[in-house]
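What follows is a single chain, given as C-alpha coordinates, in the form predicted on its own.
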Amino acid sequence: MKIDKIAVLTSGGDGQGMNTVINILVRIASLRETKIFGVLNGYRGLYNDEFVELKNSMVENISSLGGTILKTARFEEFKNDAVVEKSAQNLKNREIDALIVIGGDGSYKGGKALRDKGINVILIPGTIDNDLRYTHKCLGFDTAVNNASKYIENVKQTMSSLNRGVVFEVMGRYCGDIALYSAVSTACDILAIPEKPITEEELIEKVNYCVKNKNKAPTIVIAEKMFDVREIAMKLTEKTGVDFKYSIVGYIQRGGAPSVEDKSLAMQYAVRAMELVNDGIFNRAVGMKNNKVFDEDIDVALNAEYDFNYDLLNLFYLLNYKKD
(Lines give C-alpha, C1' and ligand atoms only; values in the text may rest on other atoms or scores of the structure.)
Protein backbone atom coordinates (compact mmCIF):
# COMPACT_ATOMS: atom_id res chain seq x y z
CA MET A 1 0.00 0.00 0.00
CA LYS A 2 1.46 3.35 -1.04
CA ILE A 3 1.13 5.90 1.76
CA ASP A 4 0.74 9.39 0.33
CA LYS A 5 -0.91 11.34 3.14
CA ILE A 6 -1.01 10.94 6.90
CA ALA A 7 -2.39 13.12 9.67
CA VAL A 8 -1.56 13.61 13.34
CA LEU A 9 -3.59 15.04 16.20
CA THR A 10 -3.07 15.59 19.91
CA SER A 11 -6.09 15.07 22.11
CA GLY A 12 -7.21 15.48 25.71
CA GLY A 13 -4.78 16.98 28.21
CA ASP A 14 -1.46 18.18 26.87
CA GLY A 15 1.73 16.43 27.92
CA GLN A 16 5.42 17.06 27.46
CA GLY A 17 6.85 15.16 24.53
CA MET A 18 3.89 15.67 22.21
CA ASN A 19 5.80 18.32 20.23
CA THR A 20 8.82 16.04 20.05
CA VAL A 21 6.67 13.32 18.46
CA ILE A 22 5.29 15.82 15.94
CA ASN A 23 8.81 16.93 15.06
CA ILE A 24 9.99 13.34 14.44
CA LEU A 25 6.88 12.41 12.44
CA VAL A 26 7.32 15.40 10.13
CA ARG A 27 11.01 14.72 9.61
CA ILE A 28 10.41 11.07 8.72
CA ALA A 29 7.49 11.94 6.45
CA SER A 30 9.68 14.45 4.63
CA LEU A 31 12.38 11.83 4.05
CA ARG A 32 9.78 9.48 2.60
CA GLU A 33 8.14 12.22 0.53
CA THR A 34 4.87 11.63 2.36
CA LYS A 35 2.58 14.56 3.05
CA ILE A 36 1.71 15.01 6.71
CA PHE A 37 -1.11 17.14 8.05
CA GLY A 38 -1.69 18.38 11.57
CA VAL A 39 -5.24 18.38 12.89
CA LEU A 40 -5.76 21.46 15.03
CA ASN A 41 -7.56 21.29 18.39
CA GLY A 42 -7.79 17.51 18.71
CA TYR A 43 -11.00 15.69 17.83
CA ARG A 44 -12.89 18.98 17.81
CA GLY A 45 -10.66 20.14 14.98
CA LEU A 46 -11.09 16.83 13.18
CA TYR A 47 -14.85 17.28 13.31
CA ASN A 48 -14.54 20.90 12.12
CA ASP A 49 -12.12 19.91 9.34
CA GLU A 50 -9.21 21.99 10.68
CA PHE A 51 -6.13 20.67 8.89
CA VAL A 52 -2.76 22.26 8.17
CA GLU A 53 0.04 20.72 6.13
CA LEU A 54 3.18 20.41 8.25
CA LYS A 55 6.64 21.24 6.91
CA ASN A 56 10.10 20.82 8.42
CA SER A 57 10.45 24.58 8.81
CA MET A 58 7.36 24.61 11.05
CA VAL A 59 8.66 22.04 13.53
CA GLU A 60 12.44 22.47 13.61
CA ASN A 61 12.54 24.11 17.05
CA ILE A 62 9.58 22.53 18.84
CA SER A 63 11.11 19.42 20.43
CA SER A 64 11.98 21.22 23.66
CA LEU A 65 8.61 22.97 23.98
CA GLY A 66 5.94 21.79 26.38
CA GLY A 67 2.31 21.65 25.32
CA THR A 68 1.42 20.97 21.69
CA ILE A 69 1.69 23.28 18.69
CA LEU A 70 -1.39 21.58 17.25
CA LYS A 71 -3.40 22.59 20.33
CA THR A 72 -5.77 20.22 22.04
CA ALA A 73 -9.29 20.21 23.44
CA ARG A 74 -11.73 18.09 25.37
CA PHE A 75 -14.56 17.14 23.01
CA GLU A 76 -17.28 15.12 24.73
CA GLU A 77 -19.39 15.24 21.57
CA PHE A 78 -17.02 12.70 20.00
CA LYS A 79 -18.94 10.03 21.88
CA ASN A 80 -21.78 10.69 19.45
CA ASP A 81 -21.74 8.31 16.48
CA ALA A 82 -22.80 11.01 14.01
CA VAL A 83 -19.89 13.20 15.11
CA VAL A 84 -17.45 10.32 14.62
CA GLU A 85 -18.95 9.58 11.21
CA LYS A 86 -18.50 13.18 10.03
CA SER A 87 -14.94 13.26 11.37
CA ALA A 88 -14.10 10.03 9.56
CA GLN A 89 -15.60 11.43 6.39
CA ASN A 90 -13.40 14.52 6.66
CA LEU A 91 -10.35 12.24 6.66
CA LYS A 92 -11.66 10.27 3.70
CA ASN A 93 -12.48 13.44 1.75
CA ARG A 94 -8.88 14.55 2.16
CA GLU A 95 -7.65 11.08 1.16
CA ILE A 96 -5.72 10.63 4.40
CA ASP A 97 -4.22 7.14 4.48
CA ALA A 98 -3.60 6.98 8.24
CA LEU A 99 -4.22 9.02 11.37
CA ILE A 100 -1.75 9.10 14.28
CA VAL A 101 -3.35 10.04 17.61
CA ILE A 102 -1.32 11.16 20.63
CA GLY A 103 -3.29 11.15 23.88
CA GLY A 104 -4.67 9.25 26.83
CA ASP A 105 -7.55 6.89 27.55
CA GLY A 106 -10.30 9.08 26.09
CA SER A 107 -8.21 9.76 23.00
CA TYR A 108 -7.67 6.04 22.54
CA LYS A 109 -11.42 5.43 22.67
CA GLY A 110 -11.84 8.09 20.02
CA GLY A 111 -9.23 6.35 17.88
CA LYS A 112 -11.06 3.07 18.27
CA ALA A 113 -14.31 4.74 17.19
CA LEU A 114 -12.60 6.04 14.03
CA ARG A 115 -11.13 2.61 13.34
CA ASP A 116 -14.67 1.22 13.45
CA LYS A 117 -15.55 3.73 10.71
CA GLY A 118 -12.80 2.38 8.45
CA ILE A 119 -9.99 4.79 9.34
CA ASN A 120 -6.43 3.46 9.66
CA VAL A 121 -5.26 4.52 13.11
CA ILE A 122 -2.02 4.41 15.12
CA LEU A 123 -2.12 5.43 18.81
CA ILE A 124 0.74 6.90 20.86
CA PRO A 125 0.35 7.18 24.67
CA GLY A 126 0.60 10.82 25.73
CA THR A 127 -0.70 11.52 29.24
CA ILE A 128 1.03 12.77 32.37
CA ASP A 129 -1.33 10.56 34.41
CA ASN A 130 0.44 7.42 33.14
CA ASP A 131 -2.90 5.61 33.29
CA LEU A 132 -2.79 3.62 30.04
CA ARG A 133 -2.08 0.26 31.61
CA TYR A 134 -0.88 -1.67 28.56
CA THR A 135 2.37 0.36 28.57
CA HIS A 136 4.85 1.10 31.34
CA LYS A 137 5.57 4.61 30.07
CA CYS A 138 3.33 7.38 28.78
CA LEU A 139 4.69 10.60 27.29
CA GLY A 140 4.74 13.46 29.78
CA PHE A 141 4.72 11.38 32.95
CA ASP A 142 8.45 11.61 33.69
CA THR A 143 8.48 15.38 33.19
CA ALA A 144 5.36 15.85 35.30
CA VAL A 145 6.89 13.86 38.16
CA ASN A 146 10.09 15.89 37.93
CA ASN A 147 8.13 19.14 37.97
CA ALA A 148 5.99 18.03 40.89
CA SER A 149 9.01 16.76 42.81
CA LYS A 150 10.94 19.99 42.42
CA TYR A 151 7.93 21.99 43.59
CA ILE A 152 7.33 19.70 46.58
CA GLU A 153 11.00 19.74 47.57
CA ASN A 154 11.17 23.53 47.52
CA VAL A 155 8.03 24.00 49.60
CA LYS A 156 8.99 21.15 51.91
CA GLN A 157 12.27 22.89 52.80
CA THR A 158 10.63 26.11 53.91
CA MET A 159 7.84 24.31 55.79
CA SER A 160 10.44 22.26 57.65
CA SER A 161 12.29 25.44 58.63
CA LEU A 162 9.07 26.79 60.11
CA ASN A 163 8.09 23.50 61.76
CA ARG A 164 4.93 23.34 59.69
CA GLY A 165 3.39 20.32 58.06
CA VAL A 166 2.20 20.53 54.47
CA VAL A 167 -0.37 18.66 52.40
CA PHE A 168 0.23 18.51 48.64
CA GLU A 169 -2.31 17.57 45.98
CA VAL A 170 -0.85 16.34 42.70
CA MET A 171 -2.51 15.46 39.41
CA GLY A 172 -3.23 11.98 38.09
CA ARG A 173 -6.99 11.88 37.66
CA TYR A 174 -7.84 8.38 39.00
CA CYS A 175 -4.25 7.13 38.94
CA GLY A 176 -1.72 7.45 41.77
CA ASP A 177 1.51 7.26 39.76
CA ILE A 178 2.47 10.95 40.00
CA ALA A 179 1.69 10.94 43.73
CA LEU A 180 3.69 7.77 44.38
CA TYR A 181 6.80 8.69 42.41
CA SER A 182 6.91 12.30 43.61
CA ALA A 183 6.44 11.18 47.23
CA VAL A 184 9.25 8.64 46.89
CA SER A 185 11.63 11.08 45.18
CA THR A 186 11.13 13.79 47.81
CA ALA A 187 11.16 11.49 50.88
CA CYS A 188 7.67 12.49 51.94
CA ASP A 189 6.06 10.95 55.02
CA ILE A 190 2.47 10.11 54.14
CA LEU A 191 0.82 9.09 50.87
CA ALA A 192 -2.84 8.79 49.81
CA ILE A 193 -3.60 7.24 46.43
CA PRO A 194 -6.61 5.50 44.86
CA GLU A 195 -4.72 2.23 44.40
CA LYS A 196 -4.55 1.82 48.19
CA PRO A 197 -7.15 4.23 49.60
CA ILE A 198 -7.24 5.27 53.24
CA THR A 199 -9.96 7.00 55.23
CA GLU A 200 -9.65 10.45 56.71
CA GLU A 201 -9.38 8.88 60.18
CA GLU A 202 -6.54 6.61 59.03
CA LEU A 203 -4.73 9.56 57.49
CA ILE A 204 -4.97 11.56 60.72
CA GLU A 205 -3.76 8.53 62.71
CA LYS A 206 -0.72 8.11 60.45
CA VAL A 207 0.14 11.80 60.71
CA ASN A 208 -0.17 11.73 64.50
CA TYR A 209 2.19 8.78 64.65
CA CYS A 210 4.62 10.62 62.36
CA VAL A 211 4.54 13.77 64.52
CA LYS A 212 5.16 11.82 67.72
CA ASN A 213 7.84 9.46 66.45
CA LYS A 214 9.53 10.65 63.29
CA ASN A 215 8.94 14.12 61.89
CA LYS A 216 7.58 17.18 63.62
CA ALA A 217 6.74 18.78 60.26
CA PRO A 218 5.30 15.96 58.10
CA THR A 219 4.92 16.17 54.34
CA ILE A 220 1.83 14.51 52.85
CA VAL A 221 1.19 13.81 49.17
CA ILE A 222 -2.38 13.16 48.05
CA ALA A 223 -3.58 12.20 44.58
CA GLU A 224 -6.33 14.45 43.26
CA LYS A 225 -9.91 13.40 43.95
CA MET A 226 -8.91 11.63 47.18
CA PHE A 227 -9.59 14.42 49.71
CA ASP A 228 -10.23 18.13 49.94
CA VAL A 229 -6.68 19.14 50.86
CA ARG A 230 -7.76 22.46 52.36
CA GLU A 231 -10.12 20.72 54.77
CA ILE A 232 -7.55 18.02 55.54
CA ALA A 233 -4.93 20.64 56.42
CA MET A 234 -7.36 22.37 58.78
CA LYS A 235 -8.29 19.09 60.49
CA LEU A 236 -4.66 18.03 60.85
CA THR A 237 -3.84 21.36 62.50
CA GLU A 238 -6.68 20.77 64.93
CA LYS A 239 -5.93 17.09 65.63
CA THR A 240 -2.11 17.10 65.80
CA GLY A 241 -1.15 20.43 67.32
CA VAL A 242 1.10 21.12 64.29
CA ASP A 243 0.35 24.01 61.95
CA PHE A 244 -0.48 22.47 58.54
CA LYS A 245 -0.57 24.28 55.23
CA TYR A 246 -1.80 22.93 51.91
CA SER A 247 -0.71 23.35 48.31
CA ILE A 248 -2.33 22.23 45.06
CA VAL A 249 0.62 21.65 42.75
CA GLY A 250 -1.52 22.24 39.64
CA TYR A 251 -0.58 22.98 36.05
CA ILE A 252 3.13 23.42 36.73
CA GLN A 253 3.21 19.63 36.35
CA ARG A 254 2.15 19.90 32.71
CA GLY A 255 4.32 22.81 31.61
CA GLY A 256 7.91 23.29 30.59
CA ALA A 257 10.35 21.41 28.41
CA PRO A 258 10.12 17.61 28.31
CA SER A 259 12.75 15.68 30.24
CA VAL A 260 15.46 13.71 28.47
CA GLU A 261 13.45 10.58 29.27
CA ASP A 262 10.33 11.96 27.57
CA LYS A 263 12.27 13.21 24.55
CA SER A 264 13.84 9.79 24.10
CA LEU A 265 10.48 8.09 24.55
CA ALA A 266 8.86 10.44 22.04
CA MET A 267 11.50 9.65 19.42
CA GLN A 268 11.07 5.90 19.87
CA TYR A 269 7.28 6.08 19.74
CA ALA A 270 7.28 8.29 16.66
CA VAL A 271 9.72 6.04 14.80
CA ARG A 272 7.69 2.91 15.60
CA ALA A 273 4.48 4.63 14.52
CA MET A 274 5.98 5.59 11.16
CA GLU A 275 7.41 2.09 10.70
CA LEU A 276 3.94 0.66 11.15
CA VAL A 277 2.44 3.14 8.70
CA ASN A 278 5.16 2.43 6.13
CA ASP A 279 4.55 -1.32 6.47
CA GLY A 280 0.78 -0.88 6.06
CA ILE A 281 0.10 -2.12 9.62
CA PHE A 282 -2.68 -0.16 11.28
CA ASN A 283 -5.00 -0.03 14.28
CA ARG A 284 -2.14 -0.54 16.71
CA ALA A 285 -1.15 1.15 19.96
CA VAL A 286 2.55 1.82 20.52
CA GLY A 287 3.98 1.28 24.00
CA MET A 288 7.03 0.48 26.12
CA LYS A 289 7.67 -2.52 28.37
CA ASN A 290 10.97 -3.47 29.97
CA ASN A 291 12.63 -0.65 28.01
CA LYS A 292 11.54 -2.10 24.68
CA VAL A 293 9.11 -0.47 22.27
CA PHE A 294 6.25 -2.66 21.12
CA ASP A 295 2.82 -2.34 19.56
CA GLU A 296 -0.42 -4.22 20.02
CA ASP A 297 -4.04 -4.21 18.90
CA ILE A 298 -6.09 -1.21 20.05
CA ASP A 299 -8.70 -3.41 21.76
CA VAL A 300 -6.01 -5.28 23.69
CA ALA A 301 -4.43 -1.99 24.78
CA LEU A 302 -7.73 -0.56 26.00
CA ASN A 303 -8.58 -3.70 27.97
CA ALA A 304 -5.18 -4.30 29.57
CA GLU A 305 -5.10 -5.34 33.22
CA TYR A 306 -4.15 -2.84 35.89
CA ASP A 307 -0.37 -2.81 36.37
CA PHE A 308 0.38 -0.43 39.24
CA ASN A 309 3.87 -0.50 40.81
CA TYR A 310 2.90 -2.01 44.16
CA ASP A 311 6.52 -3.03 44.80
CA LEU A 312 7.55 0.62 44.95
CA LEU A 313 4.51 1.45 47.07
CA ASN A 314 5.44 -1.27 49.56
CA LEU A 315 8.97 0.12 49.82
CA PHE A 316 7.49 3.52 50.62
CA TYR A 317 5.39 1.95 53.38
CA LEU A 318 8.41 0.09 54.72
CA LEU A 319 10.30 3.34 55.17
CA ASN A 320 7.47 5.42 56.57
CA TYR A 321 4.87 3.37 58.42
CA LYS A 322 5.23 1.22 61.49
CA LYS A 323 4.45 -2.46 60.98
CA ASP A 324 1.19 -3.47 62.68
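We number the residues from 1 along the sequence you see. Since the model is a prediction, treat every value here as computed from it, not as a measurement.
Although not depicted, the form predicted together with a small molecule is the subject of the following passage.
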Inset, instruction - Assess the spot marked by 211, 214 and 241: is the small molecule within 4.5 Å of a heavy atom from every one of these residues in the model of the complex? - result: no
Inset, instruction - Find the only residue in 74, 230, 225, 92 having a heavy atom within 4.5 Å of the small molecule in the model of the complex. - result: 74
Inset, instruction - Select from the listed residues 176, 218, 110, 125 the one whose heavy atoms reach within 4.5 Å of the small molecule in the model of the complex. - result: 110
Inset, instruction - Look at the stretches 20-28, 311-319, 5-13, 298-306 and give the one with heavy atoms within 4.5 Å of the small molecule in the model of the complex. - result: 5-13
Legend entry - Residue contact check: residue 43 to the small molecule in the model of the complex, 4.5 Å heavy atom: yes
Legend entry - Contact test in the model of the complex: residue 140 vs the small molecule, heavy atoms, 4.5 Å: no
Inset, instruction - Verify the contact flag for residue 103: yes if a non-hydrogen atom of it lies within 4.5 Å of a non-hydrogen atom of the small molecule in the model of the complex, no if not. - result: yes
Inset, instruction - Check whether residue 131 has any heavy atom within 4.5 Å of a heavy atom of the small molecule in the model of the complex, and answer yes or no. - result: yes
